[in-house]
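Next up: just one chain, as structure tokens, the form predicted on its own.
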């Protein structure tokens, strides 16, 4: 709906990727309609600053400029979260216990909810509409930020790998993995001039419904991102 100014800015920011025009639905209930999947540009490995410089700049931010993220910034953030850095072995940018990549990354924007697909470096559309406030229990800045990531553990990955630790250990391993993923995102964000805030305050019931999560999927944490003022 091009009359919506927030949607228009997002479409401009994502003009270099494949996004189809579609109608927004109310965030009160999940929509069965989907926005188009998004093909992300390749991450630029030579971009950014040193790890030490990024660590020096890393801090929690809850105030953002209102600018949208560029396609390149979106690409770098998601690749840092769970990207493939060794294609021959499906090696990722972050470690995973027993080599089981059981944590999935959901990207939530004013456009909708998307699931990051590491092997193709794309965003798979899950639901259309503005569900950003389902990723919080009421923090207003979350609904204004251009991007929220939700890290979700999936027990099916353990079952498929045939390496099934107890449910308690699965959550522990997934939580450790999600923590490393969020820190990698924070470092890339610092290098890009993007603020981040890692949060445990997720409305589990609302987001689970909006994202169509299944039994065995566990919300671990969320991370809000936006350009610094």
Ligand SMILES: Cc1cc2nc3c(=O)[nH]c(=O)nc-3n(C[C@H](O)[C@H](O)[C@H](O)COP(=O)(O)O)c2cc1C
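Every value quoted in this text rests on a predicted model; they were computed, and no experiment measured them. Numbering follows the first chain given and starts at 1.
Another form exists, predicted in complex with the ligand; not displayed. Remarks below refer to it.
- Think of it this way: in the predicted bound form, the ligand has a heavy atom of just one of 44, 50, 59, 65 within 4.5 Å, and the residue is 59.
- When you look in the predicted bound form, the only residue of 198, 36, 187, 176 with a non-hydrogen atom within 4.5 Å of the ligand is 198.
- Residues placing heavy atoms within 4.5 Å of the ligand in the predicted bound form fall in a single listed stretch, namely 51 to 59, out of 66 to 74, 36 to 44, 167 to 175, 51 to 59.
- Although the partner is absent here, residue 85 sits far enough away that none of its heavy atoms falls within 4.5 Å of the ligand in the predicted bound form.
- Contact check for residue 154: no non-hydrogen atom falls within 4.5 Å of the ligand in the predicted bound form.
- Using a 4.5 angstroms threshold between heavy atoms, residue 139 counts as touching the ligand in the predicted bound form.
- Residues of 88 to 109 are not found to place any heavy atom within 4.5 Å of the ligand in the predicted bound form.
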